[in-house]
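In structure tokens, one chain follows: the form predicted on its own.
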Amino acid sequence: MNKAVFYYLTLFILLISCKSSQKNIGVSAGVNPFHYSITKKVIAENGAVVSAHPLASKVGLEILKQGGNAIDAVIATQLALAVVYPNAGNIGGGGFMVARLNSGETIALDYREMAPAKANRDMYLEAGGNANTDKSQLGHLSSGVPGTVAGLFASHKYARLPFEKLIQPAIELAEKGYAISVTEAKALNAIKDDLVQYNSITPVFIKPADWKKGDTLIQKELANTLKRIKEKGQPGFYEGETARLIVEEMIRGNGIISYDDLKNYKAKFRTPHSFDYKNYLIIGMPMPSSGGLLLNQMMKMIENRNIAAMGFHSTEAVQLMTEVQRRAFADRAEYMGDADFYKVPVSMLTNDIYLQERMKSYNPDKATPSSTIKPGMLLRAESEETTHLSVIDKEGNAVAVTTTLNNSYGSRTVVGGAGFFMNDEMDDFSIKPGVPNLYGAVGGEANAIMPGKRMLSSMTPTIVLQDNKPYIVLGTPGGTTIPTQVFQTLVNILEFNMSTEDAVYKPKFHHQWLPDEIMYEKGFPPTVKASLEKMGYTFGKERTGIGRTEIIKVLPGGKFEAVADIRGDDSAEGW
């Protein structure tokens, strides 16, 4: 063999090998689904993505590098999460997006799930009026009409790249598979019995032997579902083959979502819930998310109390924050729900006089029992498992998105032939006045079940502006703990001047009116706990983790500091 023939043969073999390798890796040269690592903090100049899974964050970053803006990256990241983070990332659930564009426009997009047309306020009550929370939390009847796909297409009007390009990484991850982490292996093993019980067709998530770190999860049916969305757009999910598979799954499991429910679903653009806090403008989500309003109430109830002088994790600061949380959640139970169906008195609930009145019973020396804290009297003038991602780009577009299936892996029901989990969001309605939901929250008429209504949420995607420019982009999963975790993270940064990492990583606490107890994380100061107990506070069981905050902060020089929570596999990417 002469040298020329040998050279070209060698070159040909290298090219074939390279192509084969790329085929096996898939997605893009920067994303290897079988060899990846978690990054907790990055400093970047051109853009940053923080999400619950390293592969999803890497996908979002690649989209930014390929010329996409923050909205492009948010869409691609959500779709990737639907594959690599099936316990909360989804196309069978819903969520909220808050964005601040470089044009100065602010956006609030609601793609929360809706109650099916056959739903009714007493659908989870049995003979004698007892509430059956099993039916509202597990299985087919617990699912609301999913909104995520509609939300992705609604947000795409602000994107730059074709939707087909944004969904392709998710298709490849589903079709070719990825290596699961030890956390994911444990989670799938933990729900095996539920998967057997609540599925009419055995899903790919059930494995005869236990899952272990490094196992490859391939989701062919989900890949085909994503391909139908790629080819046919939004109707590729809400109509045609995928709709047929959803409805047939509902029929097999006595669910009530119909073809019309799917076809009639619409995502809605709403006016963001914004408020001033000292020198900052805080932009959040309006109803049916309670998060923006609760954050508003809590921030305003501490604004003039010099909490900075009290100090982080001081008894005084923790007590004050606990009491404002207690009062805000009492109002949530009475007054908050889908504003399309119930007149939520937002302007009064955020009125300075009203909030001052709420704090009149606050005593810095002792606990105010929840039994004595009722929803506020309005003035006559006024007629968990979730996942969050934060993205910012070099052009100044900032986006915060929180999506959910509600419980981890939602209803535990996978749509046969379509490969994705359905939500169990019907439990976020008040299924009976005074009966707590999965997260212990109670409610009443404002959040009662009605056909077409969107259930009240605690999701709190948030953007903070300083000098009319994005300063902080954040959010977290965690059910009813979401608003209080965003609240604490912001207080940690804006009042206690903590580093971004400390603001996220330090132990958190939570109070939601009922049950009347403080939830707290491992590492919470025992001396503070003892002091509060002497003041009459009750503490619940210690938690290993509350929430998983994803945050991006714009530094003084204009660079982006992206921090992913240490409480999970969350990962930050930037360039």
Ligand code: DON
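Don't overthink the numbering: it's just position in the shown sequence, from 1. Treat the numbers as computed from the prediction; the structure is a model and nothing was measured.
A second form of this protein, the form predicted in complex with ligand DON, is not displayed here; the remarks below concern that form.
Contact annotation: ligand DON lies within 4.5 Å of heavy atoms from the stretch 421 to 429 in the predicted complex, the single such stretch among 274 to 282, 499 to 507, 100 to 108, 421 to 429. This chain lacks the partner; the member of T413, S458, Q297, Q488 within 4.5 angstroms of ligand DON in the predicted complex by a non-hydrogen atom is S458. Here is the short version: of S142, N447, T148, T404, the single residue with a heavy atom within 4.5 Å of ligand DON in the predicted complex is T404. Contact check for I482: a non-hydrogen atom falls within 4.5 Å of ligand DON in the predicted complex. In the predicted complex, at least one heavy atom of R112 sits within 4.5 Å of a heavy atom of ligand DON. For Q78, no non-hydrogen atom is located within 4.5 Å of ligand DON in the predicted complex, even though that partner is not displayed. Within 4.5 Å of any heavy atom of ligand DON in the predicted complex lies no heavy atom of G337.
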